[in-house]
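Only one chain is included here, represented as structure tokens and corresponding to the form predicted on its own.
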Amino acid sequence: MKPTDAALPNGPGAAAVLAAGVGALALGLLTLAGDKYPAAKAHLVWYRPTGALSGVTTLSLVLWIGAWAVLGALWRRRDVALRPVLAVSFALLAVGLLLTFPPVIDLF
């Protein structure tokens, strides 16, 4: 294999990191919706033995993979500024994680 001067773009990696933050936020928001809003809970019960958890996790995964696919396609050949991407990703992850804890959910 011949070495090249061109480095690999960081866009695909940044897309994966940001998509993980989007997926975590989706999980938190859907958990909140399934816990606090009866209409949302009714729509999230896709498998009765698990209750709303079935819809919450499935939709979170779909949103995570969808965000990864879209961002990956947009940033496939680009170099992006990693610092803002990481900051936003960790903020989304933190909010999503907090929204899965009952003491935080009870604030709404």
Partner chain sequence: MEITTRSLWTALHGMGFGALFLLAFSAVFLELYRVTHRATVPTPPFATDGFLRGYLLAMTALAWLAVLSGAYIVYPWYRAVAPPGTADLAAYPQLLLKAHANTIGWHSLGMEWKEHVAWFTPVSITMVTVVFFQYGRRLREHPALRSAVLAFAAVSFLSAAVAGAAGAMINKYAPIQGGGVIHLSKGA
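This structure is a prediction, so every number in the text was calculated from the model and none was measured. Positions refer to the first chain, counted from 1.
Beyond the structure shown, there is the form predicted together with the partner chain, which is absent from this document and is the topic of what follows.
Engineer: Can you check whether Gly66 is within 4.5 Å of the partner chain in the predicted complex, heavy atom basis?
Structural biologist: Gly66: no contact with the partner chain in the predicted complex.
Engineer: Check Leu82 for me: does it contact the partner chain in the predicted complex (non-hydrogen atoms, 4.5 angstroms)?
Structural biologist: Yes, Leu82 lies within 4.5 Å of the partner chain in the predicted complex.
Engineer: Going by a heavy atom distance of 4.5 Å, is Leu107 a contact of the partner chain in the predicted complex?
Structural biologist: No, Leu107 is distant from the partner.
Engineer: Is Leu53 close enough to the partner chain in the predicted complex to count, meaning some heavy atom within 4.5 Å?
Structural biologist: Judged by the heavy-atom cut-off of 4.5 Å, Leu53 is in contact with the partner chain in the predicted complex.
Engineer: Between 88 to 108 and the partner chain in the predicted complex, list the residues on our side with a heavy atom within 4.5 Å.
Structural biologist: Going through 88 to 108 in order - heavy atoms within 4.5 Å of the partner chain in the predicted complex - the hits are Phe90, Leu93, Gly96, Leu97, Thr100, Phe101, Pro102, Pro103.
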